[in-house]
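Form predicted alone, single chain, as C-alpha cells, below.
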Amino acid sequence: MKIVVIGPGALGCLLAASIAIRTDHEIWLLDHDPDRATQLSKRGLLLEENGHRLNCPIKATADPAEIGAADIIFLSVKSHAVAEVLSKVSFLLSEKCLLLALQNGIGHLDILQERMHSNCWAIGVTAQGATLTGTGSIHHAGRGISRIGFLHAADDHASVLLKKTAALLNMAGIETETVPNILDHVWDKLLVNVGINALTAVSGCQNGELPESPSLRKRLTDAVNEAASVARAKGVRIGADPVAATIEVCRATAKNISSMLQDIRRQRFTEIDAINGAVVHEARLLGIPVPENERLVREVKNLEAHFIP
C-alpha cells in the first residue's frame, strides 16, 4: 500500500518512522516546508525508543502531486491547520483511500464533516507519547492503546479499510483497535487534555508536577469536572472518574513535556481553541458555567500574544 503521513510533528514522525521500519509498504511524509522535506528525504527520521536509536529512511515532499493517490492517509497536523490542509490534498483521496484524522480536541470534527463528502474518513485517538528532539528526530516517550472509528455509519468498503489501517498500525508496533463509539473515546481524551495541556503550558511544568502541587491539582480538577459536565449534558458517555484518569496520565507521563507546552516554548500557536476553547464554546451553547476553562484559554492566548513575529 501507499501510506501518507501529513505533518512532520511528533506524532506524524512517530507514525512514519514506525511504519517505515516495521513494514514493507511505501511510506511518504508530506510537509508544508519544502526545505525541511528535502532534508528529511536525504537524512530520514531518527527514532529513539527503548534505549535504541533507529534510522528510518522515508520519502518526504512538500508537493502532494509527487505522491499521487494514496491508500491510507494519516492526518497528523494541528487542529487549526486541518481546513487548509484538506483543501490542498483533496486529489490524494480516492474511493479506495481512508483518511484517519488524529488531532487533539474536538475542533476539527465539524471541519471534517463539512469538507469530507465520502464516508472514507475516520477519527483516531492515541495514548502514544512522542516528543520532537530535533527536525525528524523523535523520542518515543510512552506507549498506550490507540482507538480508531467512524463518527457515522460506514459501508462495508470503508469498514474493511478501517480494519486494514488498524492492522497496519499494529504491525508497526502501535497497539490499535477499532471501536464503534469513537466519539466517547475522543471526549475521554479531551478531558485528559483539558486537565493537562493548558495548565502545563501556563505553569511551564512537566505533566507529573500537576498533581503534586495543591494549587495546580485544584485547577486541574476544576477544569476536568467542568468539561465532564459539558460532555454529560451532550449525552457523551465518558469514564466514571475523569479526574482520577487525568491524574493517572500525569503520573504515567511524569517527565513528559505536553504538546501545548512544547508549542509555547517554540513560539508556535497552540491547539487551545480545539481543547479548552472547544469546551467553553459547547458550554456556552448549553448554558453551563466553565470559569476555569475560560481562565486557561485567556492565559494561553496571552502567552501567544507575546510571541515574537
Ligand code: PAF
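Throughout, we count residues from 1 along the sequence that is shown. Quantities reported herein were computed from a predicted structural model and do not represent experimental measurements.
The next section is about a form of this same protein that is not shown, the form predicted in complex with pantoate (PAF).
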- Message: Residue-level contact is defined here as any heavy atom of the residue lying within 4.5 Å of pantoate (PAF) in the model of the complex; does V249 satisfy this criterion?
- Response: yes
- Message: If we define contact as a non-hydrogen atom of the residue within 4.5 angstroms of the partner, is T165 a contact of pantoate (PAF) in the model of the complex?
- Response: no
- Message: Within 4.5 Å, heavy atoms only: does I174 come near pantoate (PAF) in the model of the complex?
- Response: no
- Query: Hey, in the model of the complex, is T253 touching pantoate (PAF), heavy atoms inside 4.5 Å?
  - Reply: yes
- Task: Work out which of V230, C120, I196, L102 lies within 4.5 Å of pantoate (PAF) in the model of the complex, going by heavy atoms.
- Result: I196
- Query: Though pantoate (PAF) is not shown, can you say which of R115, R143, H80, K189 has a heavy atom within 4.5 Å of it in the model of the complex?
  - Reply: K189
- Message: Heavy atoms within 4.5 Å of pantoate (PAF) in the model of the complex: which stretch in 62-70, 254-262, 276-284, 37-45 meets that?
- Response: 254-262
